[in-house]
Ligand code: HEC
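Quick heads-up: it's one chain on its own, the form predicted on its own, in C-alpha cells.
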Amino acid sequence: MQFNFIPNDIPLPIPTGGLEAVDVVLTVLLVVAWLVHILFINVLLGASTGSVYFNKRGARENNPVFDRVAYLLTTPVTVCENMGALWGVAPLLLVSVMFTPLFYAATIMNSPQWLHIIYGNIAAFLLSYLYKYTWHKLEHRKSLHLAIGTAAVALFLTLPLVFMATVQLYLTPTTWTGNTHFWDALFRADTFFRLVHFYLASFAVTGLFMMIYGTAKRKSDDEVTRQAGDVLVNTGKSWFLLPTLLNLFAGPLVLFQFPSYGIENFFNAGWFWLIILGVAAILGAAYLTVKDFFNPELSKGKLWSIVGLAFVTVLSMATLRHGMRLSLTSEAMAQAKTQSDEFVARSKTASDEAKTAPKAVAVATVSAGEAAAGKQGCLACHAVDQKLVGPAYKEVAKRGYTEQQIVDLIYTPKPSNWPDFAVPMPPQTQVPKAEAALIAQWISGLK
C-alpha cells in the first residue's frame, strides 16, 4: 500500500543505553501511562457531570443528601484533573517519539485546535476550583453556582474532541489530503464512534468509582454522609451497568470503521483474543452487578470481584488498543523510514560530489530577496530547486504568480494549491512588508 502524504522527516535514533529491548520498554510504558491517564480522565468527566447533576437535583428537591453527594464528588474531580493532566504528558511524548512522522503531521493538521487543549484546560481547571471552593459561599445563589459547574463540565467534555480527532488522523494516514484539517477528522464516522465509546466508558468507570467511594463513605460518623454513600453506591451500579452494556454494541462499530488493511493486520496478529478476554470479563462484572442491583448492601468481596473483572477488561482494551495502533501504522512507518533512508542517501551522495567537485573561481552573490528569505526562516522549508517540506521556489516561479500574489501567499498560504505536500504552510505574518516584496521579487526572477 502506498501512503501519499507521509512526510520525509529524518527519524532521530532513540538512545538505547545498552538496552536492546528498548522498543518493548517504550511499548509497556506507553500502554501503562495511557491506562493510568485515561482512568483519571474517565473519572474526571463522570464525577464532574455527576456533581452538577446531584447539585441541581438537591437544590430542586431541597434534599441535603443529594447536595452532600454533589459536594463529595468535587474531591475526585480536582484530584483527577491534576493527575490526568500530569499522566497525559507521558503517552503524548512516547507516541511522538515512536510514531514521529504520523503524529507530527496529524498535530500540524489540527494545530489551531490544539490551543483549546491549553486554554480550555486552564479555564476548566479554574472554573472547577471556583465551583468547589465557593460551595458554601454560594449556597444561597444556586443558579450562579450551577452555572459555574456547568461551564466547567462543558469545557471538560470538549477537550477529548481535539485529542480524538488527532489520534484518528495519525492512525489513518490513507485519509490524508493536501487540505485535511480538524473538522474533516472530527466529523468522520470512525472518530464519532470512538468518542461515543470513550464517553460511555467514562461513565462506566465513574460508576465503579462511585461504588468504591460510596462504600467508604458509608462508614462515616455523619448521618448525611452515610446516606450520601448509599446514593453513591446505588447510582454507581446504574452508571456502571448501562454504559457497559451499550459499549458492547459501540465497540464493534469502532473496530470496523478502521481501514480494511488495519483490521486485517489486527486479526492476523491475533490481537482479537484480547477482545474475547475483555468481553468475557466485563460480562462477568455486569452479571455480579445485576445480581445485587436491587440490594442496597454491597459486600466488599462482591465489590472487589466486580472491580477486578472490570480491570481485566480495561487492561485488555489498553493492550489491544496498542495492537490496533501497530496494525494501522506499521506499513506507513516502514514507508517513512524508506523515504528517510533514501533522502539521507541522496544527501550523502550530493555532499560527496560537492567535496570532489572543482571549486568555483567566482563566489556567487546573494540577492536582497534571497537574504530576506534566509533571515525570515523561509529556506528552512523551501529550497531554490529542491523539494523539501514545501515546494522548490523555481516550481513556485513556474506557476506564473505576480509579485503581489506571492506576497499575498506569504501572509495567507493556500495549501490546496500544492496538494502533494502533507504539512500545510502556516501564515507568515511576522514578515515585514518590505522584505516580503523583496522575497516575491526574487522568487519571480527564478523562472
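Predicted model, so just to flag it, every value in this text is computed and none were measured. Rigid core (definition): largest C-alpha set, two forms, superposition within 1.5 Å. Don't overthink the numbering: it's just position in the shown sequence, from 1.
Heads up, the form predicted in complex with this ligand isn't pictured, but that's what we're talking about next.
Enquirer: Flag residue 398 as yes or no: does it have a non-hydrogen atom within 4.5 angstroms of any non-hydrogen atom of this ligand in the model of the complex?
Expert: No - in the model of the complex, heavy atoms of residue 398 and this ligand never come within 4.5 Å of each other.
Enquirer: With the partner left out of view, is residue 391 within 4.5 angstroms of this ligand in the model of the complex by any non-hydrogen atom?
Expert: Result yes; residue 391 sits at the interface with this ligand in the model of the complex.
Enquirer: Counting only non-hydrogen atoms and a 4.5 angstroms cut-off, does residue 417 reach this ligand in the model of the complex?
Expert: Within the cut-off, so yes.
Enquirer: Would you check, heavy atoms only and a 4.5 Å threshold, whether residue 437 touches this ligand in the model of the complex?
Expert: No.
Enquirer: Heavy atom within 4.5 Å of this ligand in the model of the complex: which of 59, 30, 378, 36?
Expert: When this ligand is considered in the model of the complex, the option within 4.5 Å is 378.
Enquirer: With the partner removed from view, which of 59-67, 46-54, 22-30, 401-409 is the stretch that lies within 4.5 Å of this ligand in the model of the complex, judged by heavy atom distances?
Expert: Going through the listed ranges, the match is 401-409.
Enquirer: Tell me whether 382, 424 and 431, taken together, all sit within 4.5 Å of this ligand in the model of the complex, counting heavy atoms only.
Expert: Yes.
Enquirer: Quick check: residue 394 between this form and the one not shown - does its CA shift reach 2 Å or more after fitting the rigid core?
Expert: It does, since the residue 394 C-alpha is displaced 2 Å or more between this form and the one not shown after the core fit.
Enquirer: State yes or no: after fitting on the rigid core, is the Cα displacement of residue 62 between this form and the one not shown at least 2 Å?
Expert: No, shifts by less than 2 Å.
Enquirer: Could you check whether the CA atom of residue 275 moves 2 Å or more between this form and the one not shown, using the rigid core for the fit?
Expert: Residue 275 C-alpha, core-superposed: shift of less than 2 Å.
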